[in-house]
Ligand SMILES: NC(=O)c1ccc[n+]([C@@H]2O[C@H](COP(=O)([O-])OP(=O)(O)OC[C@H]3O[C@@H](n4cnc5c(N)ncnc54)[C@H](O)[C@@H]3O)[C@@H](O)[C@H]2O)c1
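In the block that follows, a single chain appears as structure tokens, in the form predicted alone.
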């Protein structure tokens, strides 16, 4: 097996590298029963066979399958998971392995952390978004009332295994979408990483798997940024809020997906959200408008440009008014004062939010 990198913290260990899934059984040797594996329709077909080849302890009877898609991240699918574990006589020593993207790690982590008041879970993320962001940090939960992540908690996986082999199963649009989170981590924490991204060729990176090492390096740098932030502030009292950059607007867009938006993935919504929130930063925290333009143009080169219809502007702000980060009825943002310097708990007038939507659309 090729060497892997292990990032250790008091919260969870993260293993990254080619063929990293082959270490799975080393971490299952003390288990009292075979692990449960949560998959969706896509990961069952494209990812589960590889994982079963890597592990002798995965059995078909413990596979739990749910439909693919963010709309299924709900309490009904939690019941599907709980029912399967009850039927198979799972006890408090059971283990659930979440094999999939951010939706799977969110939902599976929530189901595991509430089953019999909490069982252990591992995350094996198969999307780029999952590998650099969603599977890390312990934020788990479900959507409710049409709003993202309204019911949940912070509970950490015992282990995260990041194997870039799964990126080979993704269409190019999903790779570009996931790259948004790497850009976000650079913008909030590491201007050197941002410069590296700015001068890299996205097209060369997309020649995957010809340059796995380049992907592993980018993933590892991005994971270290998020892990360091989460380790410093696991329950989001202060510093961790900087990870919300792009997400106040982005989550509203994601919850209000319509065909006219041409936004179909979490990463595309967050990309649009970052552009809007950089514009807001230029009005509120003095972020250079020249940097707004430079970063926005690069984001668009990576993920494409996606319009949001003017008829949606009021609906988007209404969704933002229900954002769980809000304080005393004010919409709260994480903004930038400079690249690498986030500013948390900032609000602004609604007119500036509307202007940011117009700015996004003007880039077409």
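These figures come from a predicted structure and were not determined experimentally. Residue numbers count along the first chain shown, from 1.
Another form, the form predicted in complex with this ligand, is not on view; read the next lines as being about it.
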As a check of understanding, the residue in 103, 218, 274, 161 with any heavy atom within 4.5 Å of this ligand in the predicted bound form should be identified as 103
Have a look at 310, 46, 56, 301 for me and say which one sits with a heavy atom within 4.5 Å of this ligand in the predicted bound form. 46
Whether 176, 282 and 358 all lie within 4.5 angstroms of this ligand in the predicted bound form by heavy atom: no
Candidate stretches 301 to 309, 56 to 64, 333 to 341, 34 to 42 - the one whose heavy atoms come within 4.5 Å of this ligand in the predicted bound form: 34 to 42
Using a 4.5 Å heavy atom cut-off, state whether residue 129 contacts this ligand in the predicted bound form. yes
Please check if residue 200 has a heavy atom lying within 4.5 Å of any heavy atom of this ligand in the predicted bound form. no
Check residue 170 for me: does it contact this ligand in the predicted bound form (non-hydrogen atoms, 4.5 angstroms)? yes
Can you tell me whether residue 155 touches this ligand? I mean in the predicted bound form, with a 4.5 angstroms heavy atom cut-off. no
In the predicted bound form, residues of 137 to 170 near this ligand [heavy atom within 4.5 Å]: 139, 148, 149, 166, 169, 170
